[in-house]
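Below you will find one chain, with nothing else, as structure tokens; this is the form predicted alone, and questions on how it binds or moves follow later.
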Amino acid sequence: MSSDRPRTPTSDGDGPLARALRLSAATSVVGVIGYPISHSLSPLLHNTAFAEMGLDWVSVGFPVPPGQAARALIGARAMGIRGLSVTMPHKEEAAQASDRCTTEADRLHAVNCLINEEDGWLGDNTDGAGLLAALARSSRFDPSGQRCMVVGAGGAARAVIAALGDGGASEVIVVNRTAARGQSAAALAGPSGRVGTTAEASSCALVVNATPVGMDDVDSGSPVWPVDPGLLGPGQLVVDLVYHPPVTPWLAAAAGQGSITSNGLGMLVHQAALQIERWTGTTAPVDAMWAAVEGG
């Protein structure tokens, strides 16, 4: 027999319920803005970190329609939101709407992290540094002196290209359908950046797909690959910034050639950890954040 009476929450020690019941009007709030946003793992990552750090902070998702990021920033500042994570499609608009930007965000013309400071919103970009931190953790990869390839020239690709150049890569080869956009992106890597073709992938230590290409079903008969898997092999690190599904058909094909493969989940975790550090000034608990998204 069912009952319509409200149930009284029971204590779970220091678990999610107990922490939720401690939220108050004094709790510091951060959020993630994007559209759509209900799928975002950022609140899970942020809230896991806050709990581990013992901070009275909470992260929530804010669905902000395209073209409304600037208005959202005005409202969030008025309400005292401490920081915002920014995802598609707002990274460029957030850069324009920031009161000032870090050097990294300014050169990328894209912001994925906003810090509410006394004199306004500070825009930053932690995507590229997040990927390099993830690859260092999972594969001990250091770009210094390495030949690297990035397929794509969008926001995520540009962040990765800049980070590889800053990391001392000997070459950062950018492959993009539009030559002018590819050249603009390659310039972010400095002297090591140049436009190239996928035919050069076999000589690269790292190959990154920063486009949606490669998610096609391999059973379709004619899959479209960002880079022909036949050009990939043992000793290469192959990364697809997509993390859902965890293994794209392209990654599966690269693994079949003997390459070491990685998806975009690591970049997500580590860019979020850097956001936590920007907001709080405290080192983020990366192990706990990884455990949260891996179900551990």
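All residue numbers refer to positions in the sequence shown, first residue = 1. Since the structure is predicted, the reported quantities are computational estimates derived from the model, not experimental observations.
Although it is not shown, the form predicted in complex with a small molecule is what the next lines describe.
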| query | finding |
| --- | --- |
| Which of 99-107, 154-162, 118-126, 133-141 lines the interface with the small molecule in the predicted bound form (heavy atom within 4.5 Å) | 154-162 |
| Touches the small molecule in the predicted bound form: I33 (any heavy atom, 4.5 Å) | no |
| T197: touches the small molecule in the predicted bound form, heavy atom cutoff 4.5 angstroms | no |
| Interface membership of A187, the small molecule in the predicted bound form, 4.5 Å heavy atom rule | no |
| Contact label in the predicted bound form: P229 to the small molecule, heavy atom within 4.5 Å | no |
| Residue (of L268, V238, L45, A69) lying close to the small molecule in the predicted bound form, criterion heavy atoms within 4.5 Å | L268 |
| Contact residue in the predicted bound form, from G145, P212, P223, P89 (heavy atom within 4.5 Å of the small molecule) | P212 |
